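One chain follows as structure tokens, the form predicted on its own.
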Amino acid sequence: MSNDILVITEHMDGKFSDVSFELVGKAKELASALGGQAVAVVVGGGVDANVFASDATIHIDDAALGQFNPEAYGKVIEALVKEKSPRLVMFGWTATGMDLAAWLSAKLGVPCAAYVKEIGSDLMMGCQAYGGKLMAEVAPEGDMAIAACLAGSFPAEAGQGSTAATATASPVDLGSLKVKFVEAIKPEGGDVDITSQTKLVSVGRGIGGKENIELAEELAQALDAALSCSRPVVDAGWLPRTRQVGKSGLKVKPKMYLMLGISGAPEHLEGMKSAELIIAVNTDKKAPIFNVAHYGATADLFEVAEAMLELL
């Protein structure tokens, strides 16, 4: 068993996700305290793996790993972890990380902490629960642990660099997989590209119903902004998926992000945490969005929206 920290990175269309750099930066800090190395692991081809500030980077390239396949990636990572015996394996708590962290935990019988927001040098982890309203302290038992971390928990800059990657073939035979990649289905273009907007008015479950969307649209027009939303609004059919901000939607970085009735679940924060100015309106004073908003009002969103329209 070593004191190394393995970071399982993520990429799509040749580009690494921000959470990969965040985890590598944190891994360097932890590895330094434990006397080990921070090792970035890149699975799959078609990507430049020499972009991390890790102590070492392992690039596993194989034709069967060209597109994400949870079975193929899981088997590869399981074999690599068994070989390296690290102290900690880090994933992003993303759609990909949810698959792989659970697989590895079950296969190796090691503890896995999810929704990780903080990790101390003693590997004590702070994990969000109930949409960020509660923090649980987790102390993993045993010689190895898995941490599935929320995006935005650590600075990405600390993980950016140019460590030369060591290319290697898959450590397992991938010729007889039960799961096959068929196709990647991307959202169709909408009437508005919310990723290019400088101002957004975003509505959540608190808007109450489709009949109330008109008020938010009116406010957005008065602010010369576009209208966006959180996932519950899309799931309810009140706005199209092209307007959705978050982990399963689109990532935005406007100069102003005005939120009406959005509590601030980690999945939504992942899509808008880089906005220059975040303003939140929510009746729940304990809503986690107030931990990241620059300005906030514990108030009825309809009263605030109508008052703003009068002033505008």
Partner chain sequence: MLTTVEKIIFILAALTSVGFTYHGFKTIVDSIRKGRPAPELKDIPGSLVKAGVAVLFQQTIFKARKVLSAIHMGLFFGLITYAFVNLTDALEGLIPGFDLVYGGKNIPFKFLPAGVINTFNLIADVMSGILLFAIIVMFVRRFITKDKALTFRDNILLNPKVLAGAQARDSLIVDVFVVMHVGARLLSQAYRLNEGPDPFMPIASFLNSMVGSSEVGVHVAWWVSLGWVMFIIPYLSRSKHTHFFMSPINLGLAKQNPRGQLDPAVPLKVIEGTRFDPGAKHVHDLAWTRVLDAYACVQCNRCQDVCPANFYQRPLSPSALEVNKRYLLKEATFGSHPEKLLLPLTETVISPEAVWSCTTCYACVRVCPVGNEPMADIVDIRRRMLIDGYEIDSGVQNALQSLATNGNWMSKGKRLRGKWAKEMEFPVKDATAEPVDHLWFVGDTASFDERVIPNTKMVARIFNQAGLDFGIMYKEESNAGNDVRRVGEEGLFEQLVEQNMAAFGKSQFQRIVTTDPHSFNTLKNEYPQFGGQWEVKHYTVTLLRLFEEGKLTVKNKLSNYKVTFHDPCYLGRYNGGFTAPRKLLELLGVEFHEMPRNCENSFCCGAGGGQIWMGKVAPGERPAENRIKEALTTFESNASDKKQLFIVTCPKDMIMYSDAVKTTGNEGRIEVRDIIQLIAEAVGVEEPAVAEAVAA
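Values in this document were obtained by computation on a predicted structure and should not be read as measured data. Residue numbers count along the first chain shown, from 1. Rigid core here is just the name for the largest C-alpha set that superposes within 1.5 Å across the two forms.
Although not depicted, the form predicted in complex with its partner chain is the subject of the following passage.
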Contact between Ala31 and its partner chain in the predicted complex at 4.5 Å, heavy atoms? no
Please tell me whether any heavy atom belonging to Arg87 falls inside 4.5 Å of a heavy atom of its partner chain, as the geometry stands in the predicted complex. no
Is Ala265 close to its partner chain in the predicted complex, meaning a heavy atom pair under 4.5 Å apart or at it? yes
Is there any non-hydrogen atom of Glu214 lying within 4.5 Å of its partner chain in the predicted complex? no
Tell me which stretch of 23 to 31, 244 to 252, 42 to 50, 56 to 64 has a heavy atom within 4.5 angstroms of its partner chain in the predicted complex. 244 to 252
The one option of Asp173, Asp191, Asp235, Asp143 with any heavy atom within 4.5 Å of its partner chain in the predicted complex is Asp235
Once everything's superposed on the core, is Ser263 shifted 2 Å or more at the Cα between the shown form and the other one? yes
Rigid core superposed: Gly208 CA moves 2 Å or more between the shown form and the other one: yes
Core fit, then Thr57 C-alpha moves 2 Å or more between the shown form and the other one: no
